[in-house]
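The chain below stands alone, shown as structure tokens; this is the form predicted alone.
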């Protein structure tokens, strides 16, 4: 079974990579994600710059940056997944200012100070050692260069309605199965520890009352089955929880939310 929380770091070994591709396409189509992404692009000051995009996925953000960057700049977009890089390359085949490569975010194949800025969007949550990956981002950015990172904090994930104990289990299990599910709250500390300046922290809260959307992007059904398989809830409790959510959706009472953090700073 492929789970969104734990599967993005293993896409190349997945039997259903389309599940992850579809999830990324859906997220990029939503106003919430478009809104913070726009802020992140603006924070980079990309005009005529050399920008590194960490964990480029389908390449959609790299394409946006490339369109903003001007004739003197370019984007280097990396991902650890060959399948994602292949998709990204196909999506942006006519854009000459993007260079794609397969690379490990914890061991970037670039010299110190190679870029004017670096950006990562929902990437560190999928890395076992996000602190090392962030240090690598800082290393490859030149002095006075900009770093911008957005990450969710899955400790803020809530779903309503449902019996309190079961809801707590379901939301905590989802967050705990990310390699770094609390990365959102850790980001400001990372920026401070690296000595970055002019740090700006912007909380961004996502909310939806659309159960089918929440099922797709938060893996609610698979997560409920996993909770049963791991012995955290009974089969009846998992079934009842999903039924409660559907009933609430039909009555206009379903609600789901989490908070992410957009953090930016400047290398001294």
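These numbers come from a predicted model, not from an experiment. Residue numbers count along the first chain shown, from 1.
Another form, the form predicted together with a small molecule, is not on view; read the next lines as being about it.
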item: Partner contact for residue 256 in the predicted bound form: the small molecule, 4.5 angstroms, heavy atom; value: no
item: Residue contact check: residue 185 to the small molecule in the predicted bound form, 4.5 Å heavy atom; value: no
item: 4.5 angstroms heavy atom contact with the small molecule in the predicted bound form for residue 146; value: no
item: Contact test in the predicted bound form: residue 24 vs the small molecule, heavy atoms, 4.5 Å; value: yes
item: Options 137-145, 165-173, 192-200, 98-106; stretch whose heavy atom lies within 4.5 Å of the small molecule in the predicted bound form; value: 98-106
item: Contact assignment for the small molecule in the predicted bound form, among 213, 68, 221, 28, heavy atom within 4.5 Å; value: 28
